[in-house]
Structure formats: structure tokens, C-alpha cells
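Given next, in C-alpha cells, is a single chain: the form predicted alone.
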Amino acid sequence: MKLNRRHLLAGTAAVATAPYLGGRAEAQTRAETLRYVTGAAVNTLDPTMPGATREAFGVSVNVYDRLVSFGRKQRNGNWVFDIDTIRGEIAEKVDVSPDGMTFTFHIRKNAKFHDGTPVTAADVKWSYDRAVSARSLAAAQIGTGSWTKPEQFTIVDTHTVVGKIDKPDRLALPNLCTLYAIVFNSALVKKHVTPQDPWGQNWTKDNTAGSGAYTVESFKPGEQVILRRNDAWTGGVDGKPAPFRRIICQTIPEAATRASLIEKGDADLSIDLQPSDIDTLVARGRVKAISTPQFNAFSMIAFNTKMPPFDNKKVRQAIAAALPYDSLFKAGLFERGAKLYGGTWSGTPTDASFPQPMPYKQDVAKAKALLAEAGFPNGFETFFAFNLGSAAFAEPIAALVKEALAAINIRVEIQKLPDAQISTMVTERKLPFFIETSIAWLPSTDYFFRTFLYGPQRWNYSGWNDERIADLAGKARFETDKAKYDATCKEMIAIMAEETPIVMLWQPNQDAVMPKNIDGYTYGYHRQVDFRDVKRT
């Protein structure tokens, strides 16, 4: 991490020079408005609410500020978020103690909420107390950075807050960059609390109390959100407000309709078109696509390690050896992404990063031998599931899996399950094996293992609980020596490759499609659009 532990953060602390307009902006032209179309929907204005959609996350990034945020960097010619560079949002600087356990945040004195009231240390303290105490999504996330109780946050003065942790946790500060660590206008929210709702969550579902680059002009859950620029916010490039005066976020369920709107110039940005359509759209010359492999995400086939016969390691290894990886990649994703198979290493990897290409390749003879060693020389019957909402890419994959496993006498029935049903069955460990795509907001190897490959949480898709991983991940989390950290991570990756609780497939692209005069798009950890960077050239 580039942050100097004893010194200040590179802040966005330009002095606010533009007055807060307060009312509806006038003379809004098409050039000043960005129309964003998506197949999903914004269902709440509070991203910490259980059930909040990814699109709700995207709105919150633009409406709320945090004390700190991730910077961005170029990766293969595209802008992407950078977990190793942390910049100030509400904080103009943060001092980190030599032992890495005390963080002193200095709030910008000109930071203001949308209603014009100053952002104070009391607001930060109340917001973090809420994050660790309320029944929401926030506590589980920032707990991975050792933030677990209100007593960790102390007000020093109006513009200074101190946070303390018990051990130097490498993800303590990055967790405060996530969209769950937003800072609320506490006085405003407190007007709407009740004894049954001490954190005002019923009110924040449909209302905002932020200090970010945009305010919410209108909100129709499931249909549309219109954002209006906060001209008093100066966290953009060169200390300026966000480029667009108005953002219209619309739900358009049909991908073909979204593609048509973009191509005609009636919409300006979409990130969830069909992979099969991207090349055709770009070839016609009216739009461009910024395609970024989602380096903090992964698609996988997960085995239920709690259910026979997938509790048998050799069965999992046999299936991993039977899969036609290249055919799956072409059929499901049109090769739009980065492969996580075909790794050339064996034993222990040379690289400590994760996900990385694992040493899986198709070898049918090996698969048959492993299945016989597992006690299933004549195979068995099972079923393979996928989310019906992902049928466009998952259905051809399922057909290929069925065909490949038939070659080693595993007879597969395919099940297409609605989103809610498959989510419940994964949580209850009722599916034998299935395909899924998931994402880590903090792309750190120990974080991946702690989140997806150990423990009782829903995101441990395979239900795998290897005590060696628990021990190693626990050590890595608090390890400050990079060489020791890397060695520990390599050992975890080697164990996972051997045990095969999941088969890593690929990291899909995020294809952001837009007219050629839209610029500044950055791939974010949340896989949503940060409108603060986007402009029309």
C-alpha cells in the first residue's frame, strides 16, 4: 500500500468555491445529462439494508461520501479502482500510528451535507456506531477489517475522530473505503428514529442524508432514480464538482432494448449488455466498449463438500479433470474475460495473488481413474444447477458439463432455479454442485479465503471448512511482513488446488458500452458506475 503510515493521505481537499444551489438546476441540456440504463433495479437508497441490490450500491457511491476512498489506476489501458492507493473524501488526512492500530482522521473543515450543515466528528462517530451496531450489511463487511464495536471510535474535537483496533489489520483502512462506511447527517436521520428503529433505517431506505457529489431528485423503486449534481461538492478532478449536472438511472429489463438505446444515442452508458452483442455493437461504429476483466470477481463450479459424493476429494478432482474448459469459456462468455484455469504450476504456486489460473485442464483418462479411486468406477447420478437469471451464459455451460461428465459415467440432470430459490438452497447446502459468479470488494488473497473458502457464511459456496485454511488465513490477516504473508497465501492456494472445493473458471469482463464521446469510466470494486469520474468530451 502506498500510504505512508505516519503521514497524511492524498486528499481531495480543495476549498469549496461554488455555492450550494439548493433548488432544481435550470437550463439543463442534453449535454449536461447522462442517461444510464441497466437491466436491474435500485430498490433502496440505503446500501447497508439487507437485500440492497448492486444498483443501489451504485447510487450510494455517488450520493454519500466516506472518510476515505480507493484511488484509481490504469490497468491494460482502462481505469480501475486501486486498493493500494487510498485518498481522502471527507477526511483531508489520516495519521496512522507506528504500530498500525490507531487511525486519526482529520475532517475537511469545508465538508458539508446536502442541506448545508457541516460534517462533524459527531456525524462520523454516529455513522460508524450505526455500521457496527445496526442490523444491516455493514457490520459483517467492516468487521473483516477489525471494526466491530462503537467503543473503537472516539471524538477528539469537532473535526477529529480516532479509530483503534486491537491488532494491525491490513484491511482496516480499506474497509472504511467501502460503500458500507458512509457518513450520514446524523442530526437529520435522528429526527426519524423510533424506539423500534434507533438507527432510522426505515427512513434512510427512501431518503438520503449524505454529503456526496449528487443528491436524489426523484426515486421510483425498481424503475428510475434521478440524481442532481451537488455543486458544493468539489471532490472531482482539479477540485471541481462532478461533470454531469443530472444523472438518469433507468431500469430497462431487455438487454436488446438497452443496446438499441445506446446505439441510437438515446442513452449514454450501460454495463450489463449481453456478451454476445458487444463485438457487433462496436463493429457498427457508433459506440465503444471499455472491457475490463473483473479482477476481484470469479466464476466457478462449486461442489457441496457436505453432501455425498462431493464430500469425496477424488470425486471433485475427477470432475475438475473432466471439464472442457476452453469450450465452456467460448460457449458461456464468448471468451470475454480472463481465464482462471490452465495454470502451469503444480504443488505450490509461484504467485501469491488470488484468484489466479489454477492448474486445471481436461484429462478424461485421469478423470476416470480418479473416479474409480473414489469408489465410483461406474459413475453416479446427480444434478447440476444454475440461476435462471443467468441462463444466457449458464445454460450452454450446463449442457457442456452434462456432456463432459457423461463421458466418465456421471449422469447429470440440469436444474434451472429462480434467483431466490437457488440462493436459499445454496445457503442451506441442498445443491450438489452448481455454477456461480461472486466478487470480493477487497481483492486481497487472505480476504478471498476468509470470505469464500472457510466458515459458515453464505459466501462459502462449497461449505468447505479445512482447519489448515482457518489457521493460515487467520495468520495472513494480521501479517505485516510481505514475504511471510506471500508464503502463507501460496500455501493456502496450494491446499485449495489439491482439495478442489470449487473449480475456478474465469473472471468475466465488465463491458461498459457508451457513445464515443463519453470518457472517464472507472471499473469499481462494487461493479457499478461512479458517475463522479464520467464526462462527455
Partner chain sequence: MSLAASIARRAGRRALSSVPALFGVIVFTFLLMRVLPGDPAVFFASGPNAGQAEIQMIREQMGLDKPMPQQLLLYLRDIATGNLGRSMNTGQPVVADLINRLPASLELTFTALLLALSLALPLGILAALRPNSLVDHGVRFLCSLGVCVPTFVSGLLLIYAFYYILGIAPDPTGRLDVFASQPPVVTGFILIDAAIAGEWESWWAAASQLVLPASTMALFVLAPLARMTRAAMLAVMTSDFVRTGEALGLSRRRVVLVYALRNALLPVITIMGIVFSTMLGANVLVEKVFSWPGVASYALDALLTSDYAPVQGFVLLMAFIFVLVNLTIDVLYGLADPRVSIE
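Just so you know, these numbers come straight off a predicted model, no measurement behind them. Numbering follows the first chain given and starts at 1.
This next part talks about the form predicted together with the partner chain, which is not shown.
- Contact check for 206, 251 and 261: all three have a heavy atom within 4.5 Å of the partner chain in the model of the complex.
- Residue contact with the partner chain in the model of the complex: residue 380 places no heavy atom within 4.5 Å of it.
- Put simply, residue 480 is far from the partner chain in the model of the complex: not one heavy atom of it is within 4.5 Å.
- Put simply, residue 136 is close to the partner chain in the model of the complex: some heavy atom of it is within 4.5 Å.
- For residue 421, a non-hydrogen atom is located within 4.5 Å of the partner chain in the model of the complex, even though that partner is not displayed.
- Residue-level contacts in the model of the complex: of 140, 193, 101, 372, one residue has a heavy atom within 4.5 Å of the partner chain, and it is 140.
- Of the residues 117, 110, 224, 97, just one reaches the partner chain in the model of the complex with a heavy atom at 4.5 Å or closer; this is 224.
- Only one of 499-507, 33-41, 63-71, 483-491 lies within 4.5 Å of the partner chain in the model of the complex by heavy atoms, and it is 33-41.
- Counting a residue when any of its non-hydrogen atoms is within 4.5 Å of the partner chain in the model of the complex, the hits in 426-447 run 427, 441, 447.
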